[in-house]
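Laid out below as structure tokens are two forms of one and the same protein chain, each shown alone and named structure 1 and structure 2.
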Structure 1
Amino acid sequence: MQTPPLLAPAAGLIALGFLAGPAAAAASEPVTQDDPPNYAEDVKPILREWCFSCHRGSRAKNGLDLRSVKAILAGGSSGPAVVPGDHGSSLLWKLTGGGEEPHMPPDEDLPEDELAVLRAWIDAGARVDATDEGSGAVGVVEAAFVPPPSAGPAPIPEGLSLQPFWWSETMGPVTAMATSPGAPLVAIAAHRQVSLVRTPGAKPVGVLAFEEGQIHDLSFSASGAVLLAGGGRGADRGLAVGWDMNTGARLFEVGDEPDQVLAAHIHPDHGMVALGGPDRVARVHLTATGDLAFELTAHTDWITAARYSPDGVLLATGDRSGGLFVWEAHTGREFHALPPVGARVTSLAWRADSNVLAVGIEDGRVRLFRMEDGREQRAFQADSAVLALDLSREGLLLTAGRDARGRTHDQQGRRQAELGAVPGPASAVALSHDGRHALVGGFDGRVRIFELASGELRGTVRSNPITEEQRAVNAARAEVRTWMAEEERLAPLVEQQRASLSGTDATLAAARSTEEERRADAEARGVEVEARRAARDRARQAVRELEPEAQGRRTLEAERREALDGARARLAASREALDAALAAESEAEAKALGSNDADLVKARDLARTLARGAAAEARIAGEELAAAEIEALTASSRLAAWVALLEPRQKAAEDASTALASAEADLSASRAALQEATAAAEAARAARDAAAATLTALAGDLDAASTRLAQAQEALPAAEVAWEEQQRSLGERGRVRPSGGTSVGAASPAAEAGASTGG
């Protein structure tokens, strides 16, 4: 994005002592016939130093423009300035070295060696460059630039050197910044160079040289294939440079302004570049040849902003007094003279459809103009002074300025988000290609990358990139700090782990002791169970030995009781028969008493006989009962005696069984306790092994960290010496390497590792 021109003096202050451009050393080299001078390499530096202040562009006195061979041959009001092959007939020579009046430059003489170069150049045919054969006829010029195709993704160059061309300890304001429209790439202006950085991680991509002075405007082409920088040196020279973003190579240079370029933009088809600055004239150059296509002369003050519309149809320009014009891009005809905005136009941005132009103004307002009729569509206050703005494809406006913070707005002017503050005013802004991040450049020389969704800071980038030597020092110091911190972190962890290992050793020893105790207890209980089982078996054997006799006595006793019951039953029956016989006898005697009836007497005698018989049977039954009772009593006595002998043995067998069951239960519990103790011992052993492994790993990490720290400490002095030597070699000029040259020394692995830190 472009940056207000008033930043140029401030930016120049920090480069104090660094502003001297490449001297015209070539002019002082001996001129030989084998190496005739040419305009581009030998003559132009001389004319720029002595003549361009009066003879170029709109300041060309007498119409004589000395910025190209074609213009020199065309001449001014006095005719051609050079006759190729004849210095004596050339007006340029007559007024500089031929002694004719008016002498040029006034009141000064060109050094003899530079006059020799000028004379030799004219006599050799006024060659344009080293490829020109010296005919002096400036006809068809080979294309300086072939526009790349717009198809495909926006490129990011690879393999560029990270070594800056210029370096200083202090950083000035971020004078310009731009993001690629289709790639995570941001270009940041620094003193005489452009720093390319990947977003949002702030990883350096490379550095591009801009030896011509300070950059005031940066922009990518619509395809992202070309990066354009406009700038120069105040009151000396201004131009625009384009780089190929596929390779990082310089594609073209256009313009030779009498003052620095403050605004520059490339047409979407890559065919034209518009320039503007303190000269108050906007000039459009063709990129293919560098030729001037046309000039736009409506402005009355410094041109501070210029932007082509996305469709390539229009070109908008704004100036320091608030003048604002829109032109037809390909013809230069005025399309709209927009209403003056009353304060310096600091920045311009087009809506994606090319129908609305957003204007950032130093009074803090953003004004939107319709291209349909050139009228103002809307205006709103965005800052105390808007110094930069950007407009996304989705219509989100990003502004920043003297309020020292970026803000986003919709196209109705409603504020959407407010980003974190930056130190001092914010001088440049840009939205990332995907619209997810906002980049804000400040007067402190740093670009801060904010995430739009959260407003959080995601990275910071130096506008002035550090050298590889300083990057190597930073990386080496960071390496030392990293491994020192790692060593400090690991040392107490190792001690803690050693203490932990001692604890696990004690736990393992206790677990093993408990396991042995449980095993001994289980073995003792196993022995006890076997003894109980043997005692039970012996008791059971004793019972088994007495049981048959007891069973026989039980059987005999049962038989005797059964016989006793039979005797009792027979006695009862004989008694009943006796009672019946006695009753019959009494009845017969009663009937025969006092009677002489023979039948009654016979009946009485029979009854008496029967009674005696019944008495005899009763007597026998009684005797059998008595005998049965004696036998039953005897059997019972003998059984009771054997049972008395058997019962203690049965009781002993039952007690032995109970004791065995108890012992077996104790054995089961003891074995369970042994299993638990074994599991606890295994767990303690595993914990101890894990603790030992952790200690080994930590000790290894600590040893590795100590080794890396020692290596980093050993490498740091060499990096610091290299950086100190480079600082001494920089002196006051600050040049790190010649333009287009290689870096000073190869980057070390440490330097590459530190590249992403941005210093």
Structure 2
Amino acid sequence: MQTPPLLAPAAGLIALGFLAGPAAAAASEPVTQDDPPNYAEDVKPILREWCFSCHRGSRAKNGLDLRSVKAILAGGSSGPAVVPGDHGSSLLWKLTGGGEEPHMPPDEDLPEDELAVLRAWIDAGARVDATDEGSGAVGVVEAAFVPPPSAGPAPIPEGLSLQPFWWSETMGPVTAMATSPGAPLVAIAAHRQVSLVRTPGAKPVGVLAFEEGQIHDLSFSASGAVLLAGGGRGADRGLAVGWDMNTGARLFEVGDEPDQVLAAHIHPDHGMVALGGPDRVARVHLTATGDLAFELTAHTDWITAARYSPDGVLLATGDRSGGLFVWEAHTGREFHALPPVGARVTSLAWRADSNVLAVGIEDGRVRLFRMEDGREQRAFQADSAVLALDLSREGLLLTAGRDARGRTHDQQGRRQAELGAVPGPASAVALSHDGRHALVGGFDGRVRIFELASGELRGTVRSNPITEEQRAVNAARAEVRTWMAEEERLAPLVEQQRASLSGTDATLAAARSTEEERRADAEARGVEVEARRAARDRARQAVRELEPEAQGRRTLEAERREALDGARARLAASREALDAALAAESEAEAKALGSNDADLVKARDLARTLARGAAAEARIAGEELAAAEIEALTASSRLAAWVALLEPRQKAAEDASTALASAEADLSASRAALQEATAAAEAARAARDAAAATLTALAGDLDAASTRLAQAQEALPAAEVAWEEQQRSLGERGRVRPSGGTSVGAASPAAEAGASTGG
């Protein structure tokens, strides 16, 4: 094929353009006396300012990328740019400070102090960073690998037809598979088509036609914007086809090989495609025009693998008898002829920093070569025959092959995980963009998706996509199954819920009747308290009625007692007076006896009169005392009589108070019990309401499920008839007639052309 008419204009390709890698932001600190300069802190800022514009990534002049020590040591077309420890032999120095031509940077001179930093850095061993011991004296050591940041999200085409272009009952092996570097998307090769599926759920995204034959190599471009398939028909024609992953449309077809293409890869900037096959010549074509850029002719056997380095500087190719070459991507000049690996190179993968190439070999080994000097860094047995290999951005290797299971290995070749077995040898592998899933494609035509963390199988995808009619039948059957299961799940739940509702009903009734009982009890106790209170009031009244009279009698009794005391005192006084009068009389008597003294006689007669008077007074006081005693006695006895009346009433009043207090205590206990019962009844009511609501909801779900089941059962026969009809009409080698739906892929002229000449 000459320049294909369908080719996207160059502008379209530029629009997909390769974005230069993120510029690492290294702080530029002054060189300290103690520490010799290192690349990260001292040299990179200088090179970034003066050199990166021409010496970075795919645009590097003379293939010299100055963005890392490794790249500098790998050098450009004149070999390593720096000889650690010897600035005089270092090309980088010769052209910048050494006065040799071509002077770098062209037409400008680096300031003296910056030149001094470059020189000191080279002489101190070209250290990567402050912790680096210097690479000057170093033999074969593994350069530290820091995974670069991810390229960012990649597109997933939308609205593609899911209708395959070919269909057959049987499935061939998964001949090729690729995952997008920035999206949950996997492309799986099938007979004359590519099936796009989302990971990890295996949801179909679309089918792309490859009418040109069998696909042997699939890959996404570094940005994920282009999907490339290499393939064709044996001893007839080989080519590579690129699709735009934003739209699913074909972008270009390149190559016109006399035999099918076995290996194909697209440069990270989308500008060129390298391909090869049984013709033994690897050819690089420009995607914009389809023109052949150059041929790589060193291989002596079928070319079986080809991969550009992620930085776009190098291209690696491998062949059926173990020949292995690394080329300058932009010039086609040989960069390394790696030592032959002795058996078929089945797969190639680059480490994300482009410094290490991993080679999968049919003898079961994986060999890692470093680009710095083309030497083997490591080799290890990964399988009895490695048929496929992938390398994650983080540096995890995934291999599979004859041993019928995927295995992961770290950069040192240590086995990390062994995935579940697949039936028969594995023909393709890929790691998902986020590194969480490993996809293993087998000779049985199925791709199995394993979760790396657990090693467990998460899903299986057919490489051979099914037709929309068949999908409709499957979907209709799944629908029937789903709703049947849903009905089966819900029916017993509804029954259970009914039972539990009647349980809650009973609980509620019991709680209500307890509440009523308690209420009645509380009421009765209230009545009792009222009665007791009335009784107590009556008893108090009875006491109060007697109280004034009792008070009067008490007072009177006290008065009488006082009077009695007064009478006693008076009697005592008059007795004393009597005694004195009697004494005076007897004294006067004695004096007057025998004497005629008239005075003495007078005095005796007076004393006699006084004594008689005192005796009379004493008699009167004695009588008064007797009277007072009688009155006091009377008052006492009258009081006692009243107290005898009052005391029982007081006792009765006290008893009534006590009885009231206990009735009141009973009442408040009963009220508390009522409150409890009320709360319990409320809770029971809420529980019953909730159960009723659940039942309503479940019953609603069940109804809905039954309706959906009926609908699904009704829809199924039509889908089945359509699928049967399609199967009858799939006569001509599995070609599927477009089912009328919109189909981006089928709109491709190539697919149409294939359809008209396919018979």
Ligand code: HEC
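Keep in mind the model is a prediction, meaning the values are calculated, not measured. Here, residue number means position along structure 1's sequence, counting from 1. We call the rigid core the largest set of C-alpha positions that still match within 1.5 Å between the two forms.
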{"query": "Selected structure - the one that is the form predicted together with the named molecule", "finding": "2"}
{"query": "Shift of Trp93 between structures 1 and 2 at or above 2 Å (CA, core fit)", "finding": "yes"}
{"query": "Rigid core superposed: Ala81 CA moves 2 Å or more between structures 1 and 2", "finding": "yes"}
{"query": "Yes/no, Leu286 Cα shift of 2 Å or more between structures 1 and 2 with rigid core fixed", "finding": "no"}
{"query": "Per-residue CA shift, Gly594 (Å; core superposed between structures 1 and 2)", "finding": "26.5"}
{"query": "Between structures 1 and 2, how far the Cα of Ala478 shifts once the core is aligned, in Å", "finding": "2.4"}
